[in-house]
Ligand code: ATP
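Just the one chain here, laid out as structure tokens, in the form predicted on its own.
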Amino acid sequence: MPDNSGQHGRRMARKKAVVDAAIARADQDKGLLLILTGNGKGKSSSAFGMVARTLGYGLKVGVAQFLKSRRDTGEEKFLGDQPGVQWHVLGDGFTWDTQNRDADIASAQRGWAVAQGLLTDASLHLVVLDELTYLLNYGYLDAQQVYVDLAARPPMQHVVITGRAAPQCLLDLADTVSEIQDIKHAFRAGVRAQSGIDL
């Protein structure tokens, strides 16, 4: 194989110059709004990874889980017991379990009142609004009110929103949007949810 180390070194030097220039241009600090959406698995898991990162720096976190009613997930068992974490399970279960639109709306509105408290607490470095997109898509919450509350949060507070089909109003407000694509999922092959992976 020919020795291309010189060519490789020149290519990496050019790449480093581009990367260094981009880093130098990024000179702002602000609280970010991140949206993790799409049909694939891993949106909430990614958000909880950011919870772990935040805690690693000794900073405080608020978590609001909107649809889930169970309190035995691995993320809550571990992260919910950490100092500096406010963890709120706010749902009554998935809509196909509750089968009561009025009750779901009332639950969503009670949950948003809790989220509003998190979004006004400047001591929280990160707020996770897990599965919020569904409440907007189903019309359980007023999208304009949610938009106003997100925009009015403390300037250095970061917020992560998860859920499929994030509405355009959230995408427009967000600083970072990631769409998780579903290519293959074990559940469709008859594999039930696995502890530590799905729960």
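A residue's number is simply how far along the shown sequence it sits, counting from 1. These numbers come from a predicted model, not from an experiment.
Although not depicted, the form predicted together with adenosine-5'-triphosphate is the subject of the following passage.
Considering adenosine-5'-triphosphate in the predicted bound form, the lone stretch of 20-28, 186-194, 171-179, 6-14 in range is 186-194 [heavy atom distance within 4.5 Å]. In the predicted bound form, Arg53 stays away from adenosine-5'-triphosphate, with no heavy atom inside 4.5 Å. In the predicted bound form, adenosine-5'-triphosphate sits within 4.5 Å of a heavy atom of Tyr134. Contact between Gln157 and adenosine-5'-triphosphate in the predicted bound form is not found at the 4.5 Å heavy atom cutoff. At least one heavy atom of Asn39 is located within 4.5 Å of adenosine-5'-triphosphate in the predicted bound form.
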